[in-house]
Ligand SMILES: Cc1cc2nc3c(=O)[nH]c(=O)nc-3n(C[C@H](O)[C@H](O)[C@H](O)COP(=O)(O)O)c2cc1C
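Shown next as structure tokens: one chain only, the form predicted alone.
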Amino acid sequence: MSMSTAPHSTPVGLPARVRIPVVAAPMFLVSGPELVIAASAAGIVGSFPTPNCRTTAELDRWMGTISDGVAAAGPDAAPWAVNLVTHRSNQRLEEDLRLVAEHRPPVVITALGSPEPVMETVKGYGGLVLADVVSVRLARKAAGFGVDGLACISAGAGGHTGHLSPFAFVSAVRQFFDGLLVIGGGIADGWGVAGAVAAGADLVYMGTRFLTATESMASPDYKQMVVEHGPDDLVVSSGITGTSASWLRPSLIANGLDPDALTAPAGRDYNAGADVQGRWKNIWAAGQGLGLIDGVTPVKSIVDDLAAEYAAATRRFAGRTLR
């Protein structure tokens, strides 16, 4: 069915359980239990990547803490999500998936590989599977595995990034996919969220806006660098992880790297644990939304601002709609 000639039918479930249609995206070495719980308590989906935990024992503790914290936040709290790297280099995937089956996060987001390894486990307990994709080709492949949704990472996203415009990505994917569609890439305010939803997305992936949150695990120096710099200070390169990612130029220079002469490693390695954290600990990522950030503030304040902007945007759109 061509979505250009048929109305988009918003999937029931997750979008109806959030205050505003936003996912606090999983950020490497930034998203932890405190940020996830605060996001869910504020009414948006909170998430974190499993490589943020050095060991499976730590991951076990994190998921227990998050599950209890979200439950304690009350009935208005939004669901939480865990992000699993399914690339073959992640030797910890099987153990992490065992803990997913035990803790049953409502949403599991796969990244840097096929969603196939998680489908049976997550669907078995009634969870939702979203596949993180950076191209239309990968979106088609993921859709073929029966995922509930696609997280379409577009140009402007922080960390591992895409190359398509968010609007072009939404339009292309809606030609063949009527499931839950999350879009991310340089969207950092409620106005952008409203635009993405109007274009056909159900939720917006937003990472950089929460990078400097009080509850973020980012170091004070990392947060200050985000506050002091803008989109012109970003470098997109595969020279760190082997996959295109958006890095803060000053952090590359501080680590003795020439931002204009990075060489991609021979192979990609996303194996979780202490080693990967040590390699990338002081090389900092950010997306194009960093230009809107002027300080360190609590998650609740950020979400309140997003909600006010989103409401203003929807009113503006309604006022301009032809009758």
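Please read these numbers as outputs of a predicted model, since none were measured by experiment. For every residue, the number given is its place in the sequence shown, counted from 1.
Another form, the form predicted together with this ligand, is not on view; read the next lines as being about it.
Novice: Mark Leu35 yes when one of its heavy atoms lies within 4.5 Å of a heavy atom of this ligand in the predicted bound form, and no otherwise.
Specialist: Answer no; every heavy atom of Leu35 is more than 4.5 Å from this ligand in the predicted bound form.
Novice: Contact with this ligand in the predicted bound form for Gly287, defined as at least one heavy atom pair within 4.5 Å: yes or no?
Specialist: Within the cut-off, so yes.
Novice: Answer for Val170 alone: is it within 4.5 Å of this ligand in the predicted bound form, judged on heavy atom distances?
Specialist: Close contact is absent here: in the predicted bound form, Val170 is far from this ligand, nothing within 4.5 Å, heavy atoms only.
Novice: Phe177 versus this ligand, in the predicted bound form: is there a non-hydrogen atom within 4.5 Å?
Specialist: No.
Novice: Taking 4.5 angstroms as the heavy atom distance cut-off, pick the stretch from 193-201, 93-101, 151-159, 113-121 that is near this ligand in the predicted bound form.
Specialist: Partner-contacting stretch among the options: 151-159.
Novice: Relative to this ligand in the predicted bound form, which residues of 201-228 have a heavy atom no more than 4.5 Å away?
Specialist: Counting only heavy atoms within 4.5 Å of this ligand in the predicted bound form, the contacting residues of 201-228 are Tyr205, Met206, Gly207, Thr208, Leu211, Tyr222.
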